[in-house]
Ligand code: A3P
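Only one chain comes next, encoded as structure tokens, the form predicted on its own.
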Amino acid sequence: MEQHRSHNPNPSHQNRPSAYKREREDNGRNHCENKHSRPNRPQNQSGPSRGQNPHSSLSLSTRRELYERDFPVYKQPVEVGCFSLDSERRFFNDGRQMRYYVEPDRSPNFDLRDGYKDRFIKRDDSVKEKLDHMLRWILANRSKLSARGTTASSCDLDIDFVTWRGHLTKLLTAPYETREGWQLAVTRFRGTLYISEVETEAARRDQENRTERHEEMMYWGYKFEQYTCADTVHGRPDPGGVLNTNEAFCTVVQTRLADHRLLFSGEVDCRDKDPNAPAPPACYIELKTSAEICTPKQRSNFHRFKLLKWWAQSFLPGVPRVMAGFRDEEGVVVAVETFPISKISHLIKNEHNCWKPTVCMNFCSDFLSFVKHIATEDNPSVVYLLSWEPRRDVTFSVHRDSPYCFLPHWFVEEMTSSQPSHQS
């Protein structure tokens, strides 16, 4: 994963301001001071919409050409812990839900429809867990994260951002996303910025209006995992068992993007069972399904759209490969292929006007800088809501003591106490 290595940008690019800084400089200073320096903002204050005076608000562009700079420094992600969620979605500070990859035949003929009607327990999508499981892990592992060299802030984390890997994936893909917008809630608490997703109205409608076919096709991805994963290192897959999507194994990784210290968690499908495999996260494997590719147009779309999301999702935590099952219209896997993450950029290089990893990572870095600039009040009851729709700028509004608050009282109280917790 050569792009994980730290490197210094080309000096000719070092002084190039970010997208939001350029706008700020063009618009002058006064609007920044008026907008962001008042400690007692009215609740739900937001900037004017596009088309009104641009000098009255700060926004962040997603235009791709603004991010075609040198690849930013991204340190090799280090796994600092893991956790498991059981069949009832209960949290455990251990790896009990880890699974082991079992290589299938190249033409396995897996029936992904099997068990959908009678052996499927689906997680309740209406329950919004926000960052809660990640926060439980932090409380159980505070000693690993405490700021070093100071006793006055011994319970502060040595981290700039805490979030889910999936939220960062949406940031990486935003410059190329044309369909789905997002909303991210940000709270600054004891020096760390927490980022949690807010369901958009469009996403809520899409979920309510899913067809039975769509629901079944979502099951197919989980079923492929059941065909290729064993519960123990010497075990075999059990595709005849009950499939319960409440269960999950999650890695927790620490890394740095430019000057942003990141702590995030993401679900891991399985690991290499070879005893000589490298340490996590380099032994992890992401499993995917996709429609079989029969025409050049289908291959081009696969490269331009699907590989972007696969790359972003795995590159962030340092997962080195995706194993993909290609299925026919009836949900039967007809081929399996390995995609090393480090090779994906070479696969897409001949596609006209295709996505660029450097644009993805630079936008993410500038977004995090933008968040640091606007989310100044350190208060668990204050939420900065960042909103984005395709072909628009990222905008934000400020909410105090609102339904957008997402840091639970149990976390705030425990983090404010003097002694780190040692729960398990």
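Residue numbers here begin at 1 and follow the sequence given. Predicted model only: the values in this text are computed from it and were never measured.
What follows is about the form predicted in complex with the named molecule, which we do not show.
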Please determine, with the chain shown alone, which of 271-279, 234-242, 86-94, 214-222 has non-hydrogen atoms within 4.5 Å of the named molecule in the predicted complex. 214-222
Using a 4.5 Å heavy atom cut-off, which residue among R142, K288, R136, R188 comes into contact with the named molecule in the predicted complex? K288
Exactly one of T251, Q226, Q313, T173 comes within 4.5 Å of the named molecule in the predicted complex through a heavy atom, and that residue is Q313
